[in-house]
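Heads up, the chain below is alone and in the form predicted alone; it's given as structure tokens.
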Amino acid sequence: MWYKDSVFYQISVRAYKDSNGDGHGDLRGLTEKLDYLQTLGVDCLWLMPIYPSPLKDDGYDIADYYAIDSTFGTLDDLKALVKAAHERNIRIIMDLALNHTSDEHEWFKASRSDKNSPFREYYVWSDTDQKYQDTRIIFVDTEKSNWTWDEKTQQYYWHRFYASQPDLNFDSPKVQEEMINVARFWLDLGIDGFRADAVPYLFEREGTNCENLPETHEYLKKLRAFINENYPDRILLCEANQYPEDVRPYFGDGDEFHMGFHFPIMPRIYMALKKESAEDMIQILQRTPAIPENCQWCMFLRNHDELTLEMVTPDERKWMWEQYAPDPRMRINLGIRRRLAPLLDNDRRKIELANSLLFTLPGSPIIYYGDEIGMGDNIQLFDRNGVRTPMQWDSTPSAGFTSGTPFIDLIGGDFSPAQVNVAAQMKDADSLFHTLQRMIQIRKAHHAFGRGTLTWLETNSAAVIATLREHDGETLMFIHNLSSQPQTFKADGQYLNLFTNESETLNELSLNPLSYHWYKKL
């Protein structure tokens, strides 16, 4: 269960490193940067989609499941990347969009060309757009319906996301088998698993909201059984933007997903920092059900999408928008399209505190590329592209990302490459990079981070979070002061300070504003 002790790192290959000067990041560029990732200390890379795509949804609209877009390189380039990563004890998982394809996929072109096409059954067609009326629309900013009219065949097709992303028909045995074949293809190339995109929506049933249906779980169990039998050390990571009790079934009895994102904790970390109160975080974690021993939650602060506010109340969403997205351009769908550092006012204390919470809560943390150096965003860019800008390697005009013209505008102002870049931070022993590197080193040395039980300690202050994590005879204690004012915490006994490696006798601990403390009980 290597994934329980791992630190994951999410990469947009397009935005990471360009090896050939065409302005687009590629697999060879990423391979060049594996030593950097090894230095940071991450264990597993999650690659965003690298399949051929018209890029109407940044590659999640897949036009061919069995190929790599030439922009990123070749299958041989991927094999070389996997080999080089494995030599450094770094694993690689890829995105797999099971639910839908691009409307430019050959399957869909054939499906819409003729009602008698054998590919007709690969998608969901209807004479009426009145079916499945209880289903919510996810992209409320752009889509008015989950149905789109096809002029040629005079029927509607079903899609949960953009109209350019028709849903696959998982009631078809051919589709079910095809997607297992897709998984086999990539696993045979040596990757270590998949982050499965948008899994709650695979099946449709009248009278339901078409989410989390029993048929979906039946198929996912079939996919997991296939992986268990043929690729026993690989993993499936579930993207289900749901409350924890609704994600719990995706672990099954340890026979569906190995891992699942814990979406609702993420906005509540930001709520806690702004309110200077842990109440919302504690409530959502207390309502999080136990999961099988061989399963693990994935924790994150930010990713390639908006900071989603689907899993908060309407009043909380309004408050979060007021606090973190005062400019309407910062908002998209039901969320906020900003990166970690600008969200937290580029305040080093807040950024470190948020990362400390990420690392010490139950689960395995995922770092979004660039957040380890405090990269910024560009809210002027279309859709969610503002948080998908090129990695800033050095202070040169193209940020060391490319020798050509970057595929998208670089960030300016206080977050420009001149101000924020890898080269400068690696030279500075006190940089954010080195702080996160140290956190990763400590986490990897103590299995209680990824496997330990969680106990909340009494703090007598809503602004102070104190937790115990216990595993295999080891007890770790973590204390966080969310307040902008000093606080105190009472603790008795001998502890090892995990950051200084010095023994301390704790009694009444003075906590600086926005501070965090990691201890091991002696």
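So that there is no doubt, residue numbering starts at 1 and follows the sequence shown. Predicted, not measured: the structure shown is a model, and the values here were computed from it.
The next section is about a form of this same protein that is not shown, the form predicted together with ligand GLC.
- Transferring ligand GLC from its position in the predicted bound form by superimposing the C-alphas around the site leaves no ligand atom within 2.4 angstroms of any backbone or C-beta atom here, which marks the site as open.
- At the 4.5 Å threshold, heavy atoms of residue 165 reach ligand GLC in the predicted bound form.
- Ligand GLC is not shown here, but in the predicted bound form it comes within 4.5 Å of a heavy atom of residue 239.
- Though the partner is left out of this view, residue 100 does reach within 4.5 Å of ligand GLC in the predicted bound form, counting heavy atoms only.
- Although the partner is absent here, residue 161 sits close enough that one of its heavy atoms falls within 4.5 Å of ligand GLC in the predicted bound form.
- Partner contact region in the predicted bound form: 298 to 306, out of 218 to 226, 298 to 306, 405 to 413, 271 to 279, criterion any non-hydrogen atom within 4.5 Å of ligand GLC.
- Here is the short version: of 57, 470, 32, 43, the single residue with a heavy atom within 4.5 Å of ligand GLC in the predicted bound form is 57.
- The single contact residue among 198, 182, 381, 94, judged by any heavy atom lying within 4.5 Å of ligand GLC in the predicted bound form, is 198.
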